[in-house]
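Presented below, as structure tokens, is a lone chain in the form predicted alone.
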Amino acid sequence: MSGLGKTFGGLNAVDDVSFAVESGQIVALIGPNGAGKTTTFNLLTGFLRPDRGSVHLGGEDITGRAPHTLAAKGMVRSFQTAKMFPTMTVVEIVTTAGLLHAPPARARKRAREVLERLEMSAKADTSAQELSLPDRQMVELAKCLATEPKLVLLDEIMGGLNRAECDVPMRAIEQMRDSGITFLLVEHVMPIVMSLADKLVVLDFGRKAAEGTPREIADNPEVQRSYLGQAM
């Protein structure tokens, strides 16, 4: 993204933000509540149209393209609040996501494979409305992975999970990265961010405050004061 900006009334929710996510990276977008992280996700994935700036995917200008168009190009996202078809089973929901690029039989096979990788096979035939919060978050991740994506944007996919519950999605994200999928994450749990991400981008009041490796960000005095609260 280059010079990305979005204004609501007199508020610059995202203000001249530029950074790149390289193929095969795990990049984390961090910052205080209200910093503009989810708005940035919405601008990247077509749920909002930027007032300024541009977004490119693999060299192609995709600024303001519709979400379904971007999904077809391999850019998919999760949501802070899991989006479910409540009367469908887990495997039916994940299979539906897989239909984006595959016929029904292959989509169902892919759904089973993804659920196994996320240790969700035992819940495959469970109705969505019966799922716990951690399970709903895992289904949200499974939906993304079932589309055979190139770039996955995860918006607090591990929000509400305890440290042990985060181990499975963390392993899955690392394995998928090693298989060639790129990830852009919004997360607040800093130990997870620091252990998972190759690069961090810090937003504050809609502007990019810092960018660097986890160690560089942890050692940044300004970031410590405004977000981390202490040296790490």
Ligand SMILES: Nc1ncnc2c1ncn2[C@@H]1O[C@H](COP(=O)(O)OP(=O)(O)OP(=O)(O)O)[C@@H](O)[C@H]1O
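Numbers for residues come from their place in the sequence shown, where the first is 1. Note that the structure is a prediction, hence the values are computed from the model and not measured.
Form predicted together with the named molecule: not shown, discussed below.
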Testing 60-68, 190-198, 172-180, 26-34 against the named molecule in the predicted bound form with a 4.5 Å heavy atom criterion leaves exactly one stretch, namely 26-34
So which of T96, S121, Q80, S127 reaches within 4.5 angstroms of the named molecule in the predicted bound form, heavy atom to heavy atom?
-> Q80
Given that the partner is absent here, does L11 sit within 4.5 Å of the named molecule in the predicted bound form, heavy atoms only?
-> yes
Would you check, heavy atoms only and a 4.5 Å threshold, whether T39 touches the named molecule in the predicted bound form?
-> yes
E156 within 4.5 Å of the named molecule in the predicted bound form, heavy atoms | yes
